[in-house]
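Quick setup: one chain, the form predicted on its own, written in structure tokens, and binding and motion questions come after.
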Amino acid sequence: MTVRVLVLGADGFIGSHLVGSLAASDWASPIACGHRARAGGGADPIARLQFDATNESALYQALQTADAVVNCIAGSARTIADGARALVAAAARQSRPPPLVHLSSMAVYGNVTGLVAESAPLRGEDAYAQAKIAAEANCGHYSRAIVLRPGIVYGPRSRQWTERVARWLLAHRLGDLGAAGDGCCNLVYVADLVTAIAQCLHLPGMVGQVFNLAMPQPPTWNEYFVGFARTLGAVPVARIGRRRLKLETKLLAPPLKVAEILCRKAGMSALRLPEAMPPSLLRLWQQDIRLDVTRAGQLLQLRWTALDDGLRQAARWCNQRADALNS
């Protein structure tokens, strides 16, 4: 029997990977919901919808044709929180409430250190983390919800942790950070996250569960940056001192962010602008937090992608994207 899976945020990084994986499976049929129309011509074998995923009425109608739903919605803090609230309300009104896989984040744990299990208190400090906590609270009112808390999701089509990092490495603005990069980098390759989502839907007994997701033996941020730089060919790898990092985040970041906003308002591409490096990253790169993924590995029967393999795939995509932009 084919399971019809409504994927919210289907045109985003994780959602697009999930839709492709479900479409290629022999057990699922995705219904892709996104804000952008599909590019290109020809027949599309994937069912597609366009509506505001914070609209409870629209969600209720879409869920009429679905057996399960995955919430990959990104965006502002308000969109994240309001979207989860509307989704849970719409799902609960169905005659047969569907299982709901909700993508949260390790950000809900806040600025803690050490090994962190799923039972740890949620204390995210910033607006994004608070929105994720609020979204999880809404899922807690829905008996058929499954919550995933991934770490740093990287791989092809990752704007945040692959393309942006690659541009910094190639420009030698990032590299070996010394003590400033000795924090734990809780990486999870996007295909592993997609597999975890599919297993939540495919395996029995998953509803009501919460899972951390990251590599069982994660690298430090320095190891990630140096390994990615070498895979990209950004050698010799730059050694970035603390003074230079402060210059990047305190002096350069504000005007670069303003320039990015002005380009967006003028309808111009900001891809060729130097990317602002926000101060929040400095705290993350030093944070010694490690997600305990024991339960996810055992219950979801996961096999994790080796870092070298993930970096090769990420670098290949970055090179292809750079060639397409330059052509």
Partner chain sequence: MILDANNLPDDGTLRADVCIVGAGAAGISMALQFLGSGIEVLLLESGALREEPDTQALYAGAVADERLHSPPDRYRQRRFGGTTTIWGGRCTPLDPIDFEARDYVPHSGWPFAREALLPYYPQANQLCEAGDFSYTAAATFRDGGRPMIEGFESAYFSSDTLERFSCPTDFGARYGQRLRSASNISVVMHANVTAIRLLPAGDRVAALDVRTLGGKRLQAHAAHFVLAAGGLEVARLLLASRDVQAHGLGNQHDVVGRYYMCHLAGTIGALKILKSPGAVHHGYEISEEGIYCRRRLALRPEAQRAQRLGNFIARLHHPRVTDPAHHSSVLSLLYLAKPLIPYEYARRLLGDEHASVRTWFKHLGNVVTGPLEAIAFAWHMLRDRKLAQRKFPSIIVTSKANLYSIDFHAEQQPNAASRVMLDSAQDALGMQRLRIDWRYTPGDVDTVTRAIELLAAEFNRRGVGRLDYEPATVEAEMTRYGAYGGHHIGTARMGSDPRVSVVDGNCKVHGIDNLFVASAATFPTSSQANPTLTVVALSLRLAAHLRGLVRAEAAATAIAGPPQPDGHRNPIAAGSPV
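Everything numeric here is computed off the predicted structure, so don't read it as measured data. Residue numbers count along the first chain shown, from 1.
Below, we refer to the form predicted in complex with its partner chain, which is not included among the displayed structures.
The candidate stretches are 77-85, 239-247, 145-153, 100-108, and the one lying within 4.5 Å of its partner chain in the model of the complex by heavy atoms is 239-247. Between its partner chain and the residues Ala117, Leu252, Leu203, Val235, the one pair within 4.5 Å by heavy atoms in the model of the complex involves Val235.
For the options Val112, Ala171, Ala179, Ala92, the one in contact with its partner chain in the model of the complex, meaning a heavy atom within 4.5 Å, is Ala179.
Using a 4.5 Å cutoff between non-hydrogen atoms, Arg164 does not count as a contact of its partner chain in the model of the complex. For Asn71, no non-hydrogen atom is located within 4.5 Å of its partner chain in the model of the complex, even though that partner is not displayed. At a distance threshold of 4.5 angstroms between non-hydrogen atoms, Asn222 is in contact with its partner chain in the model of the complex.
By the criterion of a heavy atom within 4.5 Å, Arg230 is counted among the residues contacting its partner chain in the model of the complex.
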